[in-house]
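Quick setup: one chain, the form predicted on its own, written in structure tokens, and binding and motion questions come after.
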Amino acid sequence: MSEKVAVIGGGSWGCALAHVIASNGYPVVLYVRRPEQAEEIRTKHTNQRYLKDYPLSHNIHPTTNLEDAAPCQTIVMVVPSKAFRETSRKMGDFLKPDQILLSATKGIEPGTHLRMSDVIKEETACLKVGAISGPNLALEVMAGHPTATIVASRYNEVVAAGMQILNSTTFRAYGSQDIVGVELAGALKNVMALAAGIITGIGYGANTRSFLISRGLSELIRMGNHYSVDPMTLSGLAGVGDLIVTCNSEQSRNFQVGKRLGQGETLSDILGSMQQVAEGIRTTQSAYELAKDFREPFPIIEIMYKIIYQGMNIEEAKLHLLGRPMHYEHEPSRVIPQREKKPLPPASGQ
């Protein structure tokens, strides 16, 4: 195959995707920011800072010049959400409307509440936009563990192009036209992963984590209803699939941050020690803003916002969540009155 594909972003997920695509026979132009990282990938075919000793395909050609990616017909954006707009704006100077841009970044921009594909459309001339999302841990992809993902777009041409460059015997790509649902689920599950990490750090087990994941999915569904998301999207790889892996794996950066919070570390110390971005921190702010706009209770999102941005301690957060009024599982408005608990009479003989 001679058709080049560009991947923008040299973190763990960007390099893993570049490796998958390159292993399928496509020459990959991989944009990274640091010259020393480009040199390592070029000469040693590794990215030890993010992917340990896993070897990268020799079909990957690193560059520190964004313009080198411009001639590629298909481009995959894998930069942190906080840098996504700026990088898209810079890319926009070189791109044409008929090129295909796929976002593999999971986030919602604070303030604007835009998904990453929306940012692409604002900052570039590209019309053929899509998203890649699913239960995809980079190290397991590099290890060759069977993995599946979703390529979503309103355009069949974009879905087909994404599936063709990604699909292999160990990496299965499925298509979807519900790009809103796929991106929304991919972003919001990181908030739930922070919460799952916290309850694990406290010392709670599988019962509590299952409780959290189930109620977290309920919040994803309610948020999705405001965007007319297809419920099947949230029950599939981009929703339940990604939620399960991110809320259970030590490889999940968001889970790790939450776990360390639950063990008593401060957020500033945790973030200062990390080499990669935990997208759930930024997304928590966006999700909270959306929850306020919709004027509907999203208890986990609200509590996570208070923990991260308002300094609520973990014990107070736990009491707040478990002390909420009793109600029907899928009908929060159907509240059951709490019966007044009278003190027990003294035991006989006392």
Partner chain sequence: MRNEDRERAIVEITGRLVHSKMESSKQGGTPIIEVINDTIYHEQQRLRSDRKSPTYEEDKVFWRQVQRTLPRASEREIKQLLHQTVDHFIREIAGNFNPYVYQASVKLVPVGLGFLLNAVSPVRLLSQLPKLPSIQDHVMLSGKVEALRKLDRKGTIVFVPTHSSNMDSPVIGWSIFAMGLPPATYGAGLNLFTNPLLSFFMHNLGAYRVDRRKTAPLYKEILKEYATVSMEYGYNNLFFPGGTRSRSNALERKLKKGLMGTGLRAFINNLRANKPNPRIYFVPCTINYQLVLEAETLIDDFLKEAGKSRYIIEKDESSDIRKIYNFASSLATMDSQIRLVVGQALDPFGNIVDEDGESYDRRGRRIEIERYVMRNGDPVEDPQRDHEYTNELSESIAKEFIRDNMIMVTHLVAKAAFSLLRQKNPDMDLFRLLHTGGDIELLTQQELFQEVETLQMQLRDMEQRDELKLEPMLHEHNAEKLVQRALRLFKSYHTSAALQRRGDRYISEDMRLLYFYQNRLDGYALDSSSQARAA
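Positions refer to the first chain, counted from 1. Small disclaimer: the values here were computed from a predicted structure and weren't measured.
Omitted from view is the form predicted together with the partner chain, to which the following refers.
- The stretch in contact with the partner chain in the model of the complex, judged by heavy atoms within 4.5 Å, is 155-163, chosen from 241-249, 257-265, 276-284, 155-163.
- Looking at the partner chain in the model of the complex, residues 145, 147 and 172 place no heavy atom within 4.5 Å of it.
- The single contact residue among 124, 233, 81, 136, judged by any heavy atom lying within 4.5 Å of the partner chain in the model of the complex, is 124.
- Listed residues 96, 113, 222, 215 were compared with the partner chain in the model of the complex; 96 is the one with a heavy atom within 4.5 Å.
- Contact between residue 85 and the partner chain in the model of the complex is found at the 4.5 Å heavy atom cutoff.
- With a 4.5 Å cutoff on heavy atoms, residue 128 counts as touching the partner chain in the model of the complex.
- In the model of the complex, at least one heavy atom of residue 89 sits within 4.5 Å of the partner chain.
- Contact check for residue 176: no non-hydrogen atom falls within 4.5 Å of the partner chain in the model of the complex.
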